[in-house]
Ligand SMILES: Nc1nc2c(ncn2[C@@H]2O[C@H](COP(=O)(O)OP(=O)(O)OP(=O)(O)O)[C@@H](O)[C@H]2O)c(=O)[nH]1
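Here's a solo chain for you in structure tokens, the form predicted on its own.
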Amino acid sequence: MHLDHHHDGPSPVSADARRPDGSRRALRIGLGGPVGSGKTATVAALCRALRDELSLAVVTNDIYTREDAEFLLREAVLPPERITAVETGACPHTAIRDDISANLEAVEDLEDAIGPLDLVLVESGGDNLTATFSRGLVDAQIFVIDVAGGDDIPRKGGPGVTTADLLIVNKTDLAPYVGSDLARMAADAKAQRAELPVVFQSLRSEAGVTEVAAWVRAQLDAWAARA
């Protein structure tokens, strides 16, 4: 299910689009959302869908571990040198919004080590509905919620739900088992987000991450056109 809202590329960003040597840097897309919503699984699926056509890398954030990065490494979604982890040591908000220095350094180290990149995915540690990325860190933000968290989440709103460039309602295959009403979630999401896009996704379905991958490609096209 897809709410077909029009949205023209990433929002304006404050970060410099070029590296110190004048070369264009990679597009940075952040993925945030509550614990267990499926952020890491979505990152893994995007890597599989895009790795043959793009030069991409991933930065994960966990409070005290490298668990999400280790999952991606076990799944071999990218070569190991393209996956790195930031241990925030505090609330995930800190490293993606308040003090982004560790994440910026991780992104820049990847670009220095690997060479020109098209895309860097920055995954936040699991957080709540208020998690948002600094526009000094990412150029566009995806927010991931899941139906098992309750079909009232879109209605409750919060900055992640209402302002993210793309909202993913994940694990739609579980809706019949947890009593979530997808039509209600779609209506509430539309009311909260106006024309911002929403994708209803099940990574267990044949479509999988197809719609989200298409959205990412559109952001890359807009990024290249602006440059």
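The model shown is predicted, which means the values in this text are computed figures rather than measured ones. Note that residue numbering begins at 1 and tracks the sequence as displayed.
The following text describes the form predicted together with the named molecule, which does not appear among the structures shown.
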>> Using a 4.5 angstroms cut-off on non-hydrogen atoms, would L54 count as touching the named molecule in the predicted complex?
In response: no
> Hey, in the predicted complex, is S202 touching the named molecule, heavy atoms inside 4.5 Å?
Replying inline: yes
> G38: heavy atom within 4.5 Å of the named molecule in the predicted complex?
Replying inline: yes
> Looking at the partner-bound form in the predicted complex, is L174 within 4.5 Å of the named molecule by any heavy atom?
Replying inline: yes
>> Among the candidate stretches 191-199, 27-35, 178-186, 154-162, which one is within 4.5 Å of the named molecule in the predicted complex when only heavy atoms are counted?
In response: 27-35
>> Can you list, in sequence order, the residues from 155-170 that come within 4.5 Å of the named molecule in the predicted complex, counting heavy atoms only?
In response: N170
